[in-house]
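Listed next as structure tokens is one chain, alone, in the form predicted alone.
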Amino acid sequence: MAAATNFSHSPLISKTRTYSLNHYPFPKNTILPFKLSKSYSLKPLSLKAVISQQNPATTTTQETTQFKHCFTKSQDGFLYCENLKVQEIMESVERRPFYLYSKPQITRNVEAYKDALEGLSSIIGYAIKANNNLKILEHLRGLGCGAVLVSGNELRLALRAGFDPTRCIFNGNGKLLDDLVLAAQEGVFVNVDSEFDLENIVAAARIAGKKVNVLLRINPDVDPQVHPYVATGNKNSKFGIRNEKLQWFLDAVKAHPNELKLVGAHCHLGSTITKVDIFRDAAALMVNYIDEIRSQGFEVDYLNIGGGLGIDYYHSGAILPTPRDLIDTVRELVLSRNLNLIIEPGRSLIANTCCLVNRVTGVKTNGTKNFVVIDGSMAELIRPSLYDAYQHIELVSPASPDAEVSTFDVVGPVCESADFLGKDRELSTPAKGAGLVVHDAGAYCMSMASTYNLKMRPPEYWVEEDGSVSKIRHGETFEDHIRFFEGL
């Protein structure tokens, strides 16, 4: 991974930015000044990962480079984001759950992929589904990323954020005709997922009056050994074309020379993958398909191996494969066929850059279980409820010296027994109002948030390179909800 950068911090930064969505009547970016603690010590962490979320004790033996992570518990017992106390940030923003990001960590994550891809012709296509914050997208675009889209609105947002459409890839098993027309007009790569998808792409090309660059999404039937909900490349998946149907699709593309140009092949195995040899196995299959496609006269220049690299949700000391580990497994195959490589990271670019920051409402017991009740919930962070996913939880400040250490379920106020952020967590009994964070919340948390129980979606902030804290998304309000019914 890229090494940490040292940043000088100013206690007061007087600068503002306006939102690109200027039709939405919000004020300028909020800058939150506060004093830094004069005494802190950040300890470098060696990020590692488990082989599978189902078995955190199983690890690999590969060494990795130590680097400073953006969220660090210091020797004083306080949690810091970069060099800022999270507790002090909490005291400077709205008193409600919020997402807190490190902008420098986002940069470091992208640089790790760029370093790994050196020597290859490539596109880093950020998967917008992981996190669709406009300010984050603008930053990723500025770092040279393309975008991976799975809906028409994601395509529109990518265009609003300034992404080069010729470095964007439109995926999905149910793309709609109107959205495909926009993709055709803008020159976006489109993945062919099925027979009816191909028919819709042809129709869109005719409406737009433009030939569409397409890749065939081939299901390689490779088991990524992850949660079944996020496995996308095995034979039971709803995604992609069956490899035995390849010839049918090649003939169909040949039959539409004015509408389609086949430029590559695509596969996607799944998400939270921590065995990079799985990517090598899939790439080996894919280059064989490319050889077959080329043998029939197609000028195929792109191999898209998807995304899905996992992160260390457990914070357990297991070893995390790096972007370089991933790219090095496919490098020689890509070079041997003189291909442009497309990679589609989402989680591995954004997940570890963010925490969901909450306050403790109270502590209770039912006689057999102890509960820490917080103001955040499954509405803001559904992964534990939906996937039984583990995300690390800790207090942002040292507990009282006489606080008893107990085992707690960390739960929210939503009227569902499924409303939990973590189960069986050993924590010092927190005081009412204490800060508590759920780590690694940058991916598939805010983007999957809801207003269930009319819990309005929270604001988002990030720590910038200069040490200031900026609001990058307004929190929703009750008045926002009422506006949906005005004039009806």
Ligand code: LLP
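A quick note: this is a predicted structure, and the numbers were derived from the prediction, not measured. The first residue of the sequence shown is number 1, and the count goes up from there.
Separately, the form predicted together with this ligand exists; it is not shown, and the next lines address it.
For this ligand, fitted onto this chain by superposing the C-alphas round its site in the predicted bound form, the count of atoms within 2.4 Å of backbone or C-beta atoms is zero, giving an open pocket.
Contact annotation for S271: at least one heavy atom lies within 4.5 Å of this ligand in the predicted bound form. E344 belongs to the set of residues with a heavy atom inside 4.5 Å of this ligand in the predicted bound form. Put simply, K129 is close to this ligand in the predicted bound form: some heavy atom of it is within 4.5 Å. When contacts are judged by a 4.5 Å heavy atom cut-off, A431 does not count as touching this ligand in the predicted bound form.
The putative spot formed by R217, G307 and Y444 is fully lined by this ligand in the predicted bound form; each residue has a non-hydrogen atom within 4.5 angstroms of it. Taking S377, N358, N352, N171 one by one, only a single residue has any non-hydrogen atom within 4.5 Å of this ligand in the predicted bound form, and it is N171. For the options K85, K103, H266, H315, the one in contact with this ligand in the predicted bound form, meaning a heavy atom within 4.5 Å, is H266. Annotated contact segment (heavy atom within 4.5 Å of this ligand in the predicted bound form): 383-391, selected among 286-294, 176-184, 383-391, 253-261.
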